[in-house]
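Only one chain is shown below, in structure tokens, and it's the form predicted alone.
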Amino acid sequence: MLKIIKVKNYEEMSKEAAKIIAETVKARPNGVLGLATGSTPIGTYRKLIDMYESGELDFSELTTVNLDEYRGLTGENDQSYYYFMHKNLFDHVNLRKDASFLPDGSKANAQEECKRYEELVKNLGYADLQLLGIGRNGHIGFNEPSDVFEVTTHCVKLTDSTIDANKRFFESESDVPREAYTMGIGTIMHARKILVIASGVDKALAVRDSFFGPVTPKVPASILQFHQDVVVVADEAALSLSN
């Protein structure tokens, strides 16, 4: 079932998304929360931190799994997703230090690392709720447009549009990694609930094609139409082509 919640702006999107995540955490305090990176979820994480600081949320029994990580970056690199998650959430709440998991970008053997991470997520029972952003080309995690839906955790070559979108975080485009480890579409679809957040007119085409168009691996997020419990929280700009 696909539910779309239209909000006014980024602030309202962040507030609504945090509320949905908090409901899951309260219902399953020892559950598994799937997390995402990028600029879109930062506001959501800030709201979750506020809830923790006010005593409304407790992360002490929770386990988290992240979607992806750049291949070739260590956790100490300030552009790694390990660093991002600690800066924007983990260091500000009472999540156990051994309870957050990401693919290890420092591992050179892609096949071994992807197999390890896939088994880890599977053994945890997959996510109770998986948070997703959506790329301008419809990617989720780093699952780029393709001829097939990649099922399990794998190493992906990033497209030019993704590199272009991410270059603002690096000193130059040449510093952006060209590969990443990412949960596969099948791994993501195992989550019991999926929460997609989208903000801004630059996401409008991706939102339209993903949730109002045909299901195709050319638009990876379109597969979410087949999931039993998907909530999309998007602002007016992101839904401007979907009305």
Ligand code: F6R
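If you're wondering where the values come from, they're calculated on a predicted model, not measured in any experiment. From 1 onward, residues are counted along the sequence shown.
Same protein, other form: the form predicted together with the ligand, not shown, and the subject of what follows.
Query raised in the report: Among P177, P29, G38, P217, which has any heavy atom within 4.5 Å of the ligand in the predicted complex?
Result: None of the other options qualify; the answer is G38.
**Report entry** Answer range among 90-98, 169-177, 137-145, 155-163 for contact with the ligand, defined in the predicted complex as heavy atoms within 4.5 Å
**Finding:** Within 4.5 Å of the partner lies stretch 137-145.
Report task. Look up in the predicted complex whether D68 has a non-hydrogen atom within 4.5 angstroms of the ligand, and give yes or no. Result -> Close contact exists here: in the predicted complex, D68 approaches the ligand to within 4.5 Å, heavy atoms only.
Report task. Answer with yes or no whether G105 is in contact with the ligand in the predicted complex, where contact means some heavy atom within 4.5 Å. Result -> Close contact is absent here: in the predicted complex, G105 is far from the ligand, nothing within 4.5 Å, heavy atoms only.
Query raised in the report: Closest heavy atom of Y81 to the ligand in the predicted complex, within 4.5 Å or not?
Result: Answer yes; at least one heavy atom of Y81 falls within 4.5 Å of the ligand in the predicted complex.
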